[in-house]
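The data below hold one chain only, encoded as structure tokens and taken in the form predicted on its own.
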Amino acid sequence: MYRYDEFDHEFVESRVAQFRDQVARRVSGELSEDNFKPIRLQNGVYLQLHAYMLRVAVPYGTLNSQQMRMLAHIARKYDRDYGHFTTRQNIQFNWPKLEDIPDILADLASVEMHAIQTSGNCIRNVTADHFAGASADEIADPRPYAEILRQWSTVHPEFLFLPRKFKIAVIGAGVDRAAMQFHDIGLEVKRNAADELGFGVFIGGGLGRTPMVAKQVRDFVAEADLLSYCEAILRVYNLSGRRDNKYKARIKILVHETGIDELKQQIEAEFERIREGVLKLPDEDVRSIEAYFAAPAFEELPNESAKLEAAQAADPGFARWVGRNVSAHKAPGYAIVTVALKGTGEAPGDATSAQMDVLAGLGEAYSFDELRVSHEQNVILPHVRLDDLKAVYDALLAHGMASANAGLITDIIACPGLDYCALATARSIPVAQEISQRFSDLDRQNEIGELKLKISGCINACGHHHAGHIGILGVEKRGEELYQVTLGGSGDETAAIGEIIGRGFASDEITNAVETLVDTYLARRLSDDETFLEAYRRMGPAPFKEALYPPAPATEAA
């Protein structure tokens, strides 16, 4: 993984010192909250419903055990003993005192972490496939390119005050595990007919008030032109994006209002103007960054493990966990482990300091000192020997972290909702907890099969509800919380926006509504192998609407 150089250390430490002075001036009253707001946002500090919140960057979701232990330390010392992993592969601390935040940032800087550009109208944390560098299906590791984009975009003077926030995702395989098509720029690593490495480029994706799937603007951009093309996109957006209405300020609205063909012409014209300039990526620089992400020293192992097979035969719980939470690795004899932070009744994405310490220890002992945060609010151990899977499972089981539910209905994505967020209009966490408890039986979960359920507490869609096979949006109506259901959304390579299915449900009705949807699917699927999403795409909304909103019984005429 990337290591800070001398410039990085000096830059981050100077930002900490600068913010320490700014916080002192705010606490003393010298700075008003209005004057302090743009300063704190540039350092990842939000004012939420009950307290300040600090969002810490985890670039492209990669961190080491020392960094995870530091997050645990911050949770213990400065927060309420937990942190919340987010859909941007970051972590949030919901209860720090403002006067403690400079000390937190200094602690983060000591392990090469920061909170810069995790908020504000700038280029946010660049995200990537959480299986990057490990997955058997990838063309190339996308993280070196995410790091190049991070270096380019950090305090880029032209793009610090964009019309609105801007998000970039990079994937390295045809399978999209990063919701790439719901980003302002989505980049897919690929090879052209000449076997040259480059990128398919998508623009204008996003969720929130106006959800849109990104449109492809370039089938192939050469590796050397990555920054030039991204800069061309940002320049066109920065000049033409709306600043009169924040709800129409994202690049997706510019794509919609201008049209992809016209916008492409503008981007291509700017690209031609700058492509041979200083942003041209020298091959030696790309390879230098790539070296930071070189594969660990994998042992030469067989692709099967008698030890693993025996352990599965002896322990059905372990066998079930392997079947759900373990994925194929590119190196023979290794596997990728998903640690689901979604135990029964737990708040999705939350991890206590003790759990973070356990994860740090497992990463250090069994995964070459490497961990990942997924946009699905789980933690990944990317490089585990097949022979070590049982030891990892046993350690997780001992700490209540061995939920065998990755990709199942209880592996819920949820935003913090009205329990924390000042923008929220309804609660998300209690709904997620109740659904998790209702579907806690693992036999039932496995009978249902893959089902992505996602919950947001307001129209901003931080819980990605638009991209859920079942999506739930909490809204406020006449002083009551109401939950609207969408069906058929997807955040993978077949990206789609869920369809609103009908009127909303009260908080005490929504779990029953989800159960009705699941029962309808089970009764109508063609086979045990047909997933919920496949069944919905085959049948459409009609049978689900009929089940959720049965017609009132006819009454006899007088």
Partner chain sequence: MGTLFVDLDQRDDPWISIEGEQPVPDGVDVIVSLDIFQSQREELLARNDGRIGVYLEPLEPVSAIAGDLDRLSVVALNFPSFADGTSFSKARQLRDAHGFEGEVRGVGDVRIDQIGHMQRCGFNAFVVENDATIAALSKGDNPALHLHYQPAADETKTGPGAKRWARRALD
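From a predicted model like this one, the values you see are computed outputs, not experimental measurements. Positions refer to the first chain, counted from 1.
There is another form of this protein, the form predicted in complex with its partner chain, and it is not shown here; the text below is about that form.
J.: Check K97 for me: does it contact its partner chain in the predicted complex (non-hydrogen atoms, 4.5 angstroms)?
T.: No, K97 is distant from the partner.
J.: Please tell me whether any heavy atom belonging to A331 falls inside 4.5 Å of a heavy atom of its partner chain, as the geometry stands in the predicted complex.
T.: Because no heavy atom of A331 falls inside 4.5 Å of its partner chain in the predicted complex, the answer is no.
J.: So in the predicted complex, does F161 come within 4.5 Å of its partner chain, heavy atom to heavy atom?
T.: Contact check for F161: yes, within 4.5 Å of its partner chain in the predicted complex.
J.: Taking any heavy atom pair closer than or equal to 4.5 Å as contact, tell me whether G479 reaches its partner chain in the predicted complex.
T.: It does not: once its partner chain is placed as it appears in the predicted complex, G479 has no heavy atom within 4.5 Å of it.
J.: Identify which of G259, P282, G345, G317 has a heavy atom within 4.5 Å of its partner chain in the predicted complex; exactly one of them does.
T.: Selected option: P282.
J.: Of these, L239, A294, A269, A313, which has a heavy atom no more than 4.5 Å from its partner chain in the predicted complex?
T.: Of the candidates L239, A294, A269, A313, L239 is the one lying within 4.5 Å of its partner chain in the predicted complex.
J.: Its partner chain isn't shown here, but in the predicted complex, which of 75-83, 187-195, 424-432, 147-155 has heavy atoms within 4.5 Å of it?
T.: In the other structure, the partner sits against 147-155.
J.: Can you confirm whether S305, G449 and T494, the three residues that make up this candidate site, all sit within 4.5 Å of its partner chain in the predicted complex, judged by heavy atoms?
T.: Looking in the predicted complex, the three residues S305, G449 and T494 all stay beyond 4.5 Å of its partner chain (heavy atoms).
J.: If you look in the predicted complex, which residues in 38-56 sit within 4.5 Å of its partner chain (heavy atoms)?
T.: Residues within 4.5 Å: P38, I39.
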